[in-house]
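Take a look at this single chain, the form predicted on its own, given in structure tokens.
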Amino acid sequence: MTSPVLPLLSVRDLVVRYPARGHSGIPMTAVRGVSLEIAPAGIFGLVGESGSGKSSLAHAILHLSPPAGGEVLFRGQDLAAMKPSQLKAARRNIQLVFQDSLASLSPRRSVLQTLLEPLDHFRIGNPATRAEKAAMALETVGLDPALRHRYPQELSGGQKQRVALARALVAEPDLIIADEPLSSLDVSVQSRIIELILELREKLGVAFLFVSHDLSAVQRLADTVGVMYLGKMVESADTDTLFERPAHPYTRSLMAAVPVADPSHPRPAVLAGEPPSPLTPPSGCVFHMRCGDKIPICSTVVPNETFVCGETGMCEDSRRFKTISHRVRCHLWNVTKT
């Protein structure tokens, strides 16, 4: 009997809160008790509209924004309990690709200087081996090492994003957090970056937390998907299950809004209204103000997380012969199943 594979990253009931600004005196809670797990070499896709808390969650995992509650465990060790030297070592193994590749690359640093920076910071190798590692990182992401003397403003959007990936890879991490890495790229370049991420996972065994609002990209990339709304994880499942049988009205609304490249296909549905302010979240279910299927309990009672596949959350998918887990926070599911 084989022993279960331990998660590479475990996020448990994470809370991210920002101090009050202005005259309101109200702190903003951006992430409200979110949990997720990423397996070694796994890809977890995190989706949701702008303002749902995806980036706040990603930054809090690295403790760039210190969590107000919950735990972040990397290989079973709590990052919050680590000494500064231990946290620095952990950050070498968890690298971040920022949302805007141009803004995250200094215009005063060449590509080579950019790639040497994490090697210098983590004291990896000597000057000669660092230059070799930088060249290898460029080759790994499909760039000519001759580009190492260029500056960001001399590169295309796709090249800048590959440099950002190379900078994350050069320290040889186990996990890369990619925060909206496709948002500023055209469709053809996005496709090449998706293929690159899958190749990196296959060849190097790197795991990814892939943060995006692009459901089609997430469907191509991820093993598991979590859907966030106003700081809450409202649904999570393996990718096939989520896209075939979405359980939360918000997830279904996001999928209905995805455009299809077919003139005969109906125009995508538009999710009515705007998300409420995280400064003054609604009572009850966070989505009830925009939900067309709401029932009276939705506006007053916060829904608990429900396992869609039985009491344990595990069920057998006979078509793929694998065990899956599907969770949702929705009163409609509880009413339907009771």
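None of these values were measured; they are calculated from a predicted model. All residue numbers are counted from 1 along the displayed sequence.
Although not depicted, the form predicted in complex with a small molecule is the subject of the following passage.
- Using a 4.5 Å heavy atom cutoff, none of Ser35, Ile94 and Pro173 lies near the small molecule in the predicted bound form.
- In the predicted bound form, the small molecule sits beyond 4.5 Å of every heavy atom of Arg220.
- The small molecule in the predicted bound form comes within 4.5 Å of a heavy atom belonging to Met28.
- When the small molecule is considered in the predicted bound form, Gly51 lines it closely, a heavy atom lying within 4.5 Å.
- Though the partner is left out of this view, His213 does reach within 4.5 Å of the small molecule in the predicted bound form, counting heavy atoms only.
- This chain is displayed alone, yet in the predicted bound form one of Asp240, Glu71, Glu180, Glu117 has a heavy atom within 4.5 Å of the small molecule; that residue is Glu180.
- Gln99 is the sole member of Thr140, Ser253, Gln99, Gln159 with a non-hydrogen atom lying within 4.5 angstroms of the small molecule in the predicted bound form.
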